[in-house]
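A single chain comes next, written as structure tokens; it is the form predicted on its own.
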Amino acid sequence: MRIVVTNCNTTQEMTEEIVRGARAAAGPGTTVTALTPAWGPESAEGWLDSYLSAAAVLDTLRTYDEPYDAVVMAGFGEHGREGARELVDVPVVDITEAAAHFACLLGRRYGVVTTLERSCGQIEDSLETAGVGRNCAAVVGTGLGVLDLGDESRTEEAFVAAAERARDAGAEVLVLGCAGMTGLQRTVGEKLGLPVVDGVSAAVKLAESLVTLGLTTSRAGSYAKPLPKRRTWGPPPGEAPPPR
């Protein structure tokens, strides 16, 4: 089985961290390939970044010509999953909804701990669109930017403080609200005494299950194939984009 994991930003170091977590979760016989968009934001934090990221990820999938069996979209709360489901003919699993579905199996209400507060509303909207918002007790920011997550001790301290707020709001399960937090679940869960779900791992296992069961995206209605028409995706290959 071949799973493609798409980073939502252009930071290669984060792609490498994401793929390490994805490969650790993958079962025997599953290969994981990570894709980093060639353009877009270096970190996705806010609506503008998210829409740019969505277009960049879709463009990356559109131009990737190796065979694969499923896509995992590793941007928490970022846009693009619905477009990807129209675009490709294999299952597409978004880490946001994957983590929430897993959390709903472990407790009545879950809480999401993410990066900056500005991302909280966007994540709430994504959870609502996916149909798993009603079980979310809180989405809490750590105050750290995506590119700050490389400082492990600082990230862990900020995560624990934010997670305590989510627990106080009624969360019985915690969700890592950024792909760059992959790996924290092993240490933070013990400190808080709550299950902690990593979206990358959850999405990989769901993708494997869908492929094993022979299931893929329905083409009846919402995710029908895009209408045939001329679409301009950007400058031709080899041609520089216009100045900003």
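Residue indices: 1-based, along the sequence shown. For clarity, every value in this text was computed on a predicted model and none was experimentally measured.
Keep in mind that the form predicted together with another copy of the chain is missing from the display, and what follows is about it.
J.: With the partner left out of view, is G141 within 4.5 angstroms of another copy of the chain in the model of the complex by any non-hydrogen atom?
T.: Looking in the model of the complex, residue contacts with another copy of the chain do not include G141, since no heavy atom lies within 4.5 Å.
J.: Any of the heavy atoms of L106 lying within 4.5 Å of another copy of the chain in the model of the complex?
T.: Flag for L106 set to yes.
J.: Check whether D125 has any heavy atom within 4.5 Å of a heavy atom of another copy of the chain in the model of the complex, and answer yes or no.
T.: D125 belongs to the contact set for another copy of the chain.
J.: Could you tell me if A25 has a non-hydrogen atom within 4.5 Å of another copy of the chain in the model of the complex?
T.: Result yes; A25 sits at the interface with another copy of the chain in the model of the complex.
J.: Which residue, A70, A34, L206, L184, has a heavy atom that falls within 4.5 Å of another copy of the chain in the model of the complex?
T.: None of the other options qualify; the answer is L206.
J.: Going by heavy atoms, what in 191-218 lies within 4.5 angstroms of another copy of the chain in the model of the complex?
T.: Heavy-atom contacts within 4.5 Å come from L194, P195, V196, V197, S201, A202, K205, L206, S209, L210, T212, L213, L215, T216, T217, S218.
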